[in-house]
Every structure is written in C-alpha cells, then in structure tokens.
Ligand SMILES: NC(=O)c1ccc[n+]([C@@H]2O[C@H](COP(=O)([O-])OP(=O)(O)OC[C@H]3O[C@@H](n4cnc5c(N)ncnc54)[C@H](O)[C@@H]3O)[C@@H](O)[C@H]2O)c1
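First comes one chain, alone, set out as structure tokens in the form predicted alone.
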Amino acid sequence: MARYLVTGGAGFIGSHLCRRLVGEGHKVRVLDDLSTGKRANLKGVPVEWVEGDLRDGALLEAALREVQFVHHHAAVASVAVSVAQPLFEQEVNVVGTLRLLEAARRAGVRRVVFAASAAAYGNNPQSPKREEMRPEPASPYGLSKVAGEYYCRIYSDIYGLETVCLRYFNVYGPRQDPSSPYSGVISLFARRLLLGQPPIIQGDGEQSRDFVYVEDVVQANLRAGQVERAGGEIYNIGSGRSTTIRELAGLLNHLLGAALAPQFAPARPGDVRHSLADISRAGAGLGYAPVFDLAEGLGRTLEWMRSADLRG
C-alpha cells in the first residue's frame, strides 16, 4: 500500500483514478480548488481532502507530506479558455506544474505521472501521431502541456525525480459534466440528444478525433506508476482509432434511437483538424491496451447521464 496525491482529483479523470486507487487499497489525498471539480465525484470514497490552489507553496508542501506517488491532473484543461485567458492558463498549467515538481523533489516523492495532451501535436498533418514527432502546439493550452513534459524530463535528468508523461487524446466517460466549459464534445452532444435537440458541430464535422474511454486512461495511469523506466518518457494514450465528428453524431443518434441531423457553427480558434494516436509505444513500454471500443464506452456514458439527470 502506498500514499498517492492526485491533483485535480475531484475532476472527471482524477475522480475515476482516485476511485481505482482506493479500491486497490492505497491511501489517496486529493488536492483540488474545486473550480471545476466536484466533491460529489468522490462521494463515499475515503480520500483525504486538501482544498486550494496548486500554486500555493505552503499548501503544496502540506499536500505532499509522506506521499510516494503523484498523479498530476490539475490544469486549465480547455483550448478555448487558454485562447481567451492565456496568461491565467499559463500560470496554472506551466507555473503550477513547475511548482509541483519542485515541491515533489523537496518532499522526496518517488514518482510524478503527468497528464499531458495530444494538443502537443497541433495541426501536424502526419497521421497517426507518434511521440517522436516534433511538438507543434496550436494553442496556449497545447504549449503549456509541452512545457510540462519538458519540465518533467529536466527534473528526471537533473534531480532524479521519476516522471512519466501521458499524452491523453480525447477522453470521455461518466462524470464528464456537459455544463462545464471544459467539457468534451461527447457529453455536449449526448446532453442535447437526450433533450431531443440536434447536436451542434463547430466546423464542417470532418475533423477527426481519437476518443478514449476514461477507464482505459486510468489503466494507463496505473501502469505508468509501476513501469520501471521513468525518466520523462512520453506515451500516447488513446484508442488507436479515428472518428469524425459527423460520425460521432451519427453513432450517438443510433444508440439513442434518434435521427436528429446536426446543426453547424463556426470552428473554434485553436482547434486541431485531425487527431489519431499511435499507441504502439505505450503498448511496448507500459503494457497499455485499450479495452473499451467507442460504442461500448458511449453506451456506458449515456447510461450514466440518464441516471445522473445531467440533460439540462
């Protein structure tokens, strides 16, 4: 049994990870300012709460006491917010990550697993995306995640702090709140369809994404915490399959027995055109293999949305 700190642990991905760690018998401490995360996401889960800002040095020091492993998910996780508020986003994502790494080093933490992003690839037309490709972020958010990766490698090289970076592609699943400005396209589409409203596609709908179910992302985190090599290695975490936004709307319609044609709106600035993960390095290095296909994951997500009544 180990003690873990999960930053952003009250959020969508973080709460799934916390539940899994507690279920495996570990002690889990959550650091979250609750700006987007919710205590309800961990209702009934015996975690230790530290509420506050990642950039608070004294709070970080307290949160890291007796911690062996950190899973770092606290972030401004939105391209749109990063475009609208780049200084704020960089302060949280870049400076906050640096503060965490330095505090972890001083606290004697063994390993930090960093939630990186496929936004690192930007609009590079090469597909699928491979980790050795040069980063070409197309938004402040993408840039901040690349900076976090470099800081992780530097802290491993210079200070000996074990780090692993997981480049998430488009993560979806239960507890992804469709009312949040940080929410993904799947929860937004699903809510509208459950309300009998057509999904709204920003752009022409031919942009494509690699959608990965949240439990597969949790699997990757657990493996990253156990893998032998941890010197700033970067791994793509996706499904290895590409789906256009038009296709997504059609599949959700099919699963709900609906036939609501999408409406179209202007594309969002900073959005990438195509995103598909080559997950062979994660398979070889982490033993990562996604379990859930898109239809099953969407079915589970829709079931949760109905039970949680998050349609309105």
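What you are looking at is a predicted structure, and each value in this text was computed from that prediction instead of being measured. Counting begins at 1, following the sequence as shown.
Just so it is clear, the following notes concern the form predicted together with the named molecule, a form of the same protein that is not shown.
*Asks:* Does any heavy atom of H71 come within 4.5 Å of a heavy atom of the named molecule in the predicted bound form?
*Replies:* Output for H71 is no: heavy atoms all beyond 4.5 Å of the named molecule.
*Asks:* Tell me, yes or no, whether Y213 is in contact with the named molecule in the predicted bound form, where a contact means a heavy atom of each within 4.5 Å.
*Replies:* No, Y213 stays farther than 4.5 Å from the named molecule in the predicted bound form.
*Asks:* Hey, in the predicted bound form, does N236 get a heavy atom within 4.5 angstroms of the named molecule?
*Replies:* Contact check for N236: no, nothing within 4.5 Å of the named molecule in the predicted bound form.
*Asks:* In the predicted bound form, is there a heavy atom of the named molecule that lies within 4.5 Å of any heavy atom of T163, even though the partner is absent here?
*Replies:* Result no; T163 lies far from the named molecule in the predicted bound form.
*Asks:* Sort through I201, L101, V109, A116 and report the residue having a heavy atom within 4.5 Å of the named molecule in the predicted bound form.
*Replies:* That would be A116.
*Asks:* So which of N170, S139, S187, Q219 reaches within 4.5 angstroms of the named molecule in the predicted bound form, heavy atom to heavy atom?
*Replies:* After the contact test, the surviving option is N170.
*Asks:* Heavy atoms, 4.5 Å, the named molecule in the predicted bound form: which of 277 to 285, 260 to 268, 45 to 53, 241 to 249 makes the cut? Say which one.
*Replies:* Correct option: 45 to 53.
*Asks:* Looking at the named molecule in the predicted bound form, do all three of N123, G148 and R209 come within 4.5 Å of it through at least one heavy atom?
*Replies:* Contact check failed for every one of N123, G148 and R209.
*Asks:* Going through 1 to 29 from first to last, which residues have a non-hydrogen atom within 4.5 Å of the named molecule in the predicted bound form?
*Replies:* G8, A10, G11, F12, I13, G14, in sequence order.
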